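Next up: just one chain, as structure tokens, the form predicted alone.
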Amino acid sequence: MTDLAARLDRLRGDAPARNHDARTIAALTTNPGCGRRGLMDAAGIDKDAVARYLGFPAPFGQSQFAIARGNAFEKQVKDDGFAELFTLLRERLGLPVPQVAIESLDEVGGNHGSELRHAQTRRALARALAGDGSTLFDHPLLRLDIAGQPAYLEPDVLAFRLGDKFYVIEIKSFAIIDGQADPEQVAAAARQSAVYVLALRRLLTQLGHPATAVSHEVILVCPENFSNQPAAAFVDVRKQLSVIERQLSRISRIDDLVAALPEEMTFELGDGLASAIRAVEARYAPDCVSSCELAFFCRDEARACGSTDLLGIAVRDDVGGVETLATALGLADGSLAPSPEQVEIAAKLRLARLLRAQALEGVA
């Protein structure tokens, strides 16, 4: 075990490491500048348990109804030897699907252990790459290392060599209505699928094949209109891939964050937990509320000090170097003299205040 891994274990205390999945890894991309989240995720700390202990629980999680609906739709798409999925691939997407061969990878001889399933997936893909394998892989198990900790990832389906490419296929139960789906749900599916693409590319690289053998387009399968009839579409995840790779690289280089903390500090549930968390700088943004379990704690912290973080990433970046709302207002009305670093932003704030006043006079 490396010194960094040992220190991360001590930060976690006696609590077991929280396993990452595609959703949690994808969520890392929503606020890559947050040192607090980066450190806690690298250490495998259960942020949901921490938030609840501090009195700021986050209302995350799918309803049982949504989970059941999703499972039923996935079963429908896969019934009768994946008949509906093959129809979509051939007729709707125009992919050259070869002779059908399906391999289920959700167990190994009745054993559902992650290590065994990942090894079986690796062997199955190696056979396919050698020309003696399947066309579709049902529930393969991929792996990504997050700060030295393995995260096992289970895409719905992998399709092999459709037009000389591997494709990740994700089956979601949100509807496509008149050719359009909810943008937020599509974006979340794209981020999650990009994690699978990255894990598959790294596995193929280990097997001696180029990462480009995995398509940057994933196949999203959803119910169409107000029926359960499935529809399929390509979703380009190159942007999401770039962000995820950058964030994972950043998490692997958190030595400086760890080195700045007292050696005895931990994030164990106890009296000193809030102080320990505040010792690591956060970068709160309103979007955190939909993606991070600690968002309500960080929002309360930002409100207490009047941070410009409350206004969102775009505004915060526009007023770079101005950390509080009180400072921004003082620079805008001239009651506060700007420092040399604040001269330019102070001029912009004064102009914005003038334009606002003129707009309000026009309305009156």
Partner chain sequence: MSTLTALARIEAARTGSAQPLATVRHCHLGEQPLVLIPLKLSGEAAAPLAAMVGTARKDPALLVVAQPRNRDLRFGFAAELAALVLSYVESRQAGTETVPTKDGEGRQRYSDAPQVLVPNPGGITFLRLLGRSTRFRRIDGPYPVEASVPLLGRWLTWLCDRAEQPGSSVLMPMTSMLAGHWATGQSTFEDANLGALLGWLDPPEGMTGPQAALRAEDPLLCPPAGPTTDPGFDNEELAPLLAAYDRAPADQARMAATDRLRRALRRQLEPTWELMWRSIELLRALPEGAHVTGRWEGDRESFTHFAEGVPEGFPQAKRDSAVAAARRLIRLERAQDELDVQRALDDPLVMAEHRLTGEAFAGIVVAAQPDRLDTTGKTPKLRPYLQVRTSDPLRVADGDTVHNAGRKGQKALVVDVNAGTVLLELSSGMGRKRVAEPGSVPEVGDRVCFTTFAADFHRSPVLPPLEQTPWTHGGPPEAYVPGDDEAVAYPPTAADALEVWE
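Residue numbers count along the first chain shown, from 1. Here the structure is a predicted model, which is why all the values come from computation and not from measurement.
Quick note: we don't show the form predicted together with its partner chain, though the next part is all about it.
Undergrad: Where does its partner chain sit in the predicted complex: which of 196 to 204, 232 to 240, 176 to 184, 88 to 96, heavy atoms within 4.5 Å?
TA: Only one stretch qualifies here: 176 to 184.
Undergrad: Is L336 part of the interface with its partner chain in the predicted complex - any heavy atom within 4.5 Å?
TA: Result no; L336 lies far from its partner chain in the predicted complex.
Undergrad: So, in the predicted complex, is D318 in contact with its partner chain at a 4.5 angstroms heavy atom limit?
TA: The answer is yes: D318 has a heavy atom within 4.5 Å of its partner chain.
Undergrad: With a cut-off of 4.5 Å between heavy atoms, is L269 one of the residues that contacts its partner chain in the predicted complex?
TA: Contact check for L269: no, nothing within 4.5 Å of its partner chain in the predicted complex.
Undergrad: Taking 4.5 angstroms as the cut-off for heavy atoms, does L11 touch its partner chain in the predicted complex?
TA: Taking the distances in the predicted complex, the answer for L11 is no, it never comes within 4.5 Å of its partner chain.
Undergrad: State the residue from V289, A213, L116, A274 whose non-hydrogen atoms include one within 4.5 Å of its partner chain in the predicted complex.
TA: That would be V289.
Undergrad: Within 4.5 Å of its partner chain in the predicted complex, which residues of 307 to 333 have a heavy atom? Give them in sequence order, or say none.
TA: Heavy-atom contacts within 4.5 Å come from T308, L310, L311, G312, A314, V315, D318, V319, L325, A326, A328, L329, A332.
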